[in-house]
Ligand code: NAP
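Given next, in structure tokens, is a single chain: the form predicted alone.
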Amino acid sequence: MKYLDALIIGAGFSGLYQLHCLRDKLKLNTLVVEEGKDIGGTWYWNTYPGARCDSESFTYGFTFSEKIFKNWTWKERYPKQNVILKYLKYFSNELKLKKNIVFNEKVISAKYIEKNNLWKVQTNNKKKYYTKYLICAVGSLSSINVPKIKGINHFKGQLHHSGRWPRKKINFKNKIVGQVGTGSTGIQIAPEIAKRAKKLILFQRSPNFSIPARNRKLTKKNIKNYKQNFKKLRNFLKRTPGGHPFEFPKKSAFDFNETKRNLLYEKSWQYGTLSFRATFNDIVKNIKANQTAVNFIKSKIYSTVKNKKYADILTNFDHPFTAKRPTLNTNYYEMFNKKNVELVDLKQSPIIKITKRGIKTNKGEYILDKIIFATGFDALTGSILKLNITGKKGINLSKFWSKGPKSFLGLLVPNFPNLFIVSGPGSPSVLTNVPVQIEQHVNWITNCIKYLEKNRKKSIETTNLAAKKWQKEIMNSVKKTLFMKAKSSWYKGDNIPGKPKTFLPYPGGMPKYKSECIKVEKNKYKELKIS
């Protein structure tokens, strides 16, 4: 049994920075509890072939310290999983964070004890911790989604989920591999498996839009430039809607004729990065402008994929571009020209069950050696609800969120005093370059706790009214976008059976969100309940 000022769950980007802020800046007795064997969070678990970040490397890190920023060198445009892990270890070593982290411990429950104003946290190792402040830094995309398919336990071959990839290298040589899922992960992993496997059979439910990443090694000039312009870059990232190194132009897609418009799309396509969606200012909010981007992407797929049947399946989009998470790829469409790659359209040929030998659809059975599920995550809420959190008056968070998450700014939840969430539902989170959002979130939480400690306050929580107002703000913001036009999207929880269908992240952009957070801080948290 241990008494703490603050306990942080998770040792990824958010948990590590939160530890530094509470331990080193506020001098609080702080501990991080981590399920894995080492730091890294998402980047500890996601070790599948081809795992990379889709934010440009020099933007994918902490900017609170110029020294830490400049002493680390990114060598590629998009860092690999193992390089991001090395970066986080470098960060952790610089600040000597590991001495306040316990590994191989999974939080199984957290209960608020009202009379003592303490959270009682229990782990799978039968450890108990009592803490005044509890911070969930469990990541937006960390609770894996293994689809409930009949017969899934009957398969005699190897079955893996991309989000829990084994540490031991998987041998694909001379193997027939079935991959289910073509989201961000699926699009990264498939070309790598296709290089090694005897055959790759890709089972696609609905196609995703994907832009070429154009990954490359950074030149000495590139590296010198981003390091010299540290302050300029930091300020720029903080003022863009998604925390990325690009802004939306003032020009509409319809300010140009079709020829000129397509030349500009081509320029963005050749450049790569997520900035393709900012070729024009109205792609993400006007359906007619969006269709011009859709038409261009379709033409690129048709000109790349030689098999017309496959090209038809890959362009049978059921949502506008950017209504689901846009992805980056390296030779994904080119991969379908390989003789060892087969594409199965699950809309035409749905999976009936998994058999001992493979996957059976309504058109036949596919005999497989291995099955890979690249089926994503129970986003934003899944990892938090698995913690089994109980607040005041015995209110369980799962029950309280049974019709959708209720929070204020994605940071605080009614009836759960001194519970803070980093990059949770109701915050920009997955719609941003995540480290930029994390830094802003952790700074706000740190300032809030500093205020409570300085003024000798016991607890803080949001009211139901403030949470309802914030949910209304989220829905008003999402109406100005095309997000709700996606028939099925994990942004809305559609990928998880029984999950309440509501838009999960805040879509109004980082600058607007940050101004709301600053307003609360300047008002000395008056709209919140402090005791």
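The first residue of the sequence shown is number 1, and the count goes up from there. Given the structure is predicted, the values throughout are model-derived calculations rather than measurements.
Same protein, other form: the form predicted in complex with the ligand, not shown, and the subject of what follows.
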| item | value |
| --- | --- |
| Partner proximity in the predicted complex: residue 147 to the ligand, non-hydrogen atom cutoff 4.5 Å | yes |
| Partner proximity in the predicted complex: residue 492 to the ligand, non-hydrogen atom cutoff 4.5 Å | no |
| Contact flag, residue 205 vs the ligand in the predicted complex, heavy atom cut 4.5 Å | yes |
| Non-hydrogen atom contact residue 377 with the ligand in the predicted complex at 4.5 angstroms | yes |
| Contact at 53, 181 and 325 by the ligand in the predicted complex, all three, heavy atom at most 4.5 Å | yes |
| Sole residue of 383, 418, 188, 131 within 4.5 Å of the ligand in the predicted complex, by heavy atom | 188 |
| The unique member of 101, 311, 176, 346 whose heavy atoms fall within 4.5 Å of the ligand in the predicted complex | 346 |
| Proximity to the ligand in the predicted complex (heavy atom, within 4.5 Å), stretch among 205 to 213, 396 to 404, 456 to 464, 287 to 295 | 205 to 213 |
